[in-house]
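Okay, here we've got a single chain as structure tokens, the form predicted alone, with questions on binding and movement later.
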């Protein structure tokens, strides 16, 4: 009799089904796209569930699944899975990030070539009965400069393929070290340098508050005249109105897009009719091989997890024991937020992370807490999902060294997590603890003591301690309809530079932040999202 039963609710590749058939300790059923009621009726009999996008794993379904141990998503997105509810029930949730990396990189290059040689336009012309050779004068890749925005998994693969065309490859990624870039034979530059030097630009960055709308009227104006752009990452990285304006003015020679701000692409979008545009309907990951790999990877992962052998790509599995995970969960959340805060405040690519845990509840769990902190550190800047399994590997890939230690009990705190990050020319120490064993708070930044809530929108403002400054800042924010929920200062003496943590109800606009940093006594302003 099979030890485990697996339910598959979406189409998997034949190779994935063969993997299931070959597993002698497993039986499986395929019920394609069941209704919510049908799925809740049959799920009690299964130990694992393999899904794609059509099935929703919510709290109700999990409550009806007492045997369920693993949910495997054949793909990257987990919007249809309630990860918190699964974690509370000790159900492992895993996906397959990276399975479509090669497919996406190859499609990026395919679009680049199609753009340079007018392939779609020439094909359409010939099919229409024309022979218009002179209208399709192209450009070569050889000897040109490709600028890659975002040197993650896909960006690295695009760089390698561009180098095979003997292109010079430069990249903008403030979170990649020079050492890693040198190994890839890629030159790191700042954004202005990339815009000014690139003949072609490939967008491969994660979509974050900092990268949303990165390609806009201002950045396009700083590009070479005649630049060509390719985007197979996220549509919202570029302002489509500005791109269209750049095309019409001739400043941008052409663009190739697989992703759009609104999908499906509206029928009246000018991108559909402009002659110097190549567009595809978000198909970069749609290859036989990518779909094969997605299926076989998730089957292998689910089998390994059921057998207790491996928990690769588990998004909610910092420790193997579900009871320990439950007890540690508030501290893991604290560690993630400390890591995210450090990354969002960093003034350069982080080279080293030092984690120290204090207190009886934490000293035996330094490793999972360090992993959680790394997850928080990398989440804001990674172009692929970061989880408790891959966070250390991603940190290593980015040239970040990590150390972890146990400390003596900290004065004034039963349990304390401290993290020091180091970048070229600077470092920062941040410590956090839980209020009431539940609410994460930052209690120290460098030598300053604070007690600020690590939640939501926070303005971290460095100010010179001076009379009336708090009142002026508060009045300024109020005049711009930015409501302050909480305000903490790290003051130790008058007249010195101090950090100020301001919890906001809503984010401040870029215009407000720009004006705030110009106020007398304000040295620096960072808005972070936690």
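Numbering follows the first chain given and starts at 1. Since we're looking at a predicted model, the values are computed, not measured.
A second form of this protein, the form predicted together with a small molecule, is not displayed here; the remarks below concern that form.
- Stretch 68-76 is the contacting one of 160-168, 347-355, 68-76, 204-212, since its residues have non-hydrogen atoms within 4.5 Å of the small molecule in the predicted bound form.
- Think of it this way: in the predicted bound form, the small molecule has a heavy atom of just one of 285, 319, 184, 416 within 4.5 Å, and the residue is 285.
- This chain is drawn without the small molecule; in the predicted bound form, the residue among 365, 234, 333, 441 with a heavy atom within 4.5 Å of it is 234.
- Contact check for residue 100: a heavy atom falls within 4.5 Å of the small molecule in the predicted bound form.
- Taking the partner from elsewhere, residue 53 is found to have a heavy atom lying within 4.5 Å of the small molecule in the predicted bound form.
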